[in-house]
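Shown below, as structure tokens, is a lone chain in the form predicted alone; questions about how it binds or moves come after it.
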């Protein structure tokens, strides 16, 4: 190949690539509201992002494709865990994960910092990122439907969408706080007590480590039905 032709291919390829990259960058910024919901970025979301960086959460966790792989991906953690569970975990990880093979250090996160982190994770969980990570999509689907149309969900999906961040059933979810099959055989609570336990655990069991769950009374009732059906 002659030097002239090689130069033309090089400069032509470079200019075309630069034009494509420039157009994609412009298009991405034009779709900020559609993809990233920029209008939802308020002071609490910004403060939560600073908390994420302050405690170097990326050393162990991945978010939006960046970070470590020791601990779970946090991109959709808001739907997998729920607000109160996230706060309980980051403030008392050694207590929450005392029976888990995976450990998290006590970082000294304050209540305000934990609440701001929840706001940040709520925002990231709603970014349109082509359903990544795929393993969390079942939690996203269940969480979005369980309050508006819980009758559309299979009971297993409903329960794991609300509780699968800590509990397991039929080899799904995370067995940090116990499998529902075993829990159902062990507990003696009736239907109403189970609902109260989900919404305010310490009102039923003062020494409980479980935080109040972000579910409506109707959803809590469906979960109670499911657990009691496993006896």
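The term rigid core refers to the maximal set of C-alpha atoms that superpose within 1.5 Å between the two forms. Predicted model, so just to flag it, every value in this text is computed and none were measured. Positions refer to the first chain, counted from 1.
The same protein also has a form predicted together with heme C, omitted here; what follows describes it.
| Taking 71, 102 and 227 as the candidate spot, are all three within 4.5 angstroms of heme C in the predicted bound form by heavy atoms? | Yes: 71, 102 and 227 each sit within 4.5 Å of heme C in the predicted bound form.
| field | Listed residue that, although heme C is not shown, lies within 4.5 Å of it in the predicted bound form (heavy atoms), from 45, 36, 183, 63 | value | Of the listed residues, the single hit is 183.
| Would residue 209 count as a contact of heme C in the predicted bound form, using a 4.5 angstroms cut-off between non-hydrogen atoms? | Residue 209: yes, in contact with heme C in the predicted bound form.
| query | Hey, in the predicted bound form, is residue 196 touching heme C, heavy atoms inside 4.5 Å? | reply | No, residue 196 stays farther than 4.5 Å from heme C in the predicted bound form.
| Close approach of residue 41 to heme C in the predicted bound form, 4.5 Å, heavy atom | So residue 41 does not count as contacting heme C.
| request: Answer with yes or no whether residue 119 is in contact with heme C in the predicted bound form, where contact means some heavy atom within 4.5 Å. | output: Flag for residue 119 set to no.
| in the predicted bound form: members of 36 to 66 within 4.5 Å of heme C, any heavy atom | Counting only heavy atoms within 4.5 Å of heme C in the predicted bound form, the contacting residues of 36 to 66 are 52, 55, 56, 57, 60, 61.
| message | Tell me whether residue 27 is among the residues that move between the shown form and the other one (Cα shift of 2 angstroms or more, core superposed). | response | After core superposition, the C-alpha of residue 27 moves less than 2 Å between the shown form and the other one.
| task | Using a superposition on the rigid core, decide whether the Cα position of residue 17 changes by 2 angstroms or more between the shown form and the other one. | result | Comparing forms between the shown form and the other one, the residue 17 CA shifts below 2 Å.
| task | Look at the CA atoms of residue 194 and residue 136: state whether they lie closer or farther apart in the predicted bound form than in this form, given a difference of 3 Å or more. | result | Residues separate in the predicted bound form, at least 3 Å farther apart.
| request: Work out the direction of the Cα-Cα change for residue 202 and residue 84 in the predicted bound form: closer or farther than in this form? It's 3 angstroms or more. | output: Farther is correct, given that in the predicted bound form the C-alpha spacing of residue 202 to residue 84 is increased by at least 3 Å.
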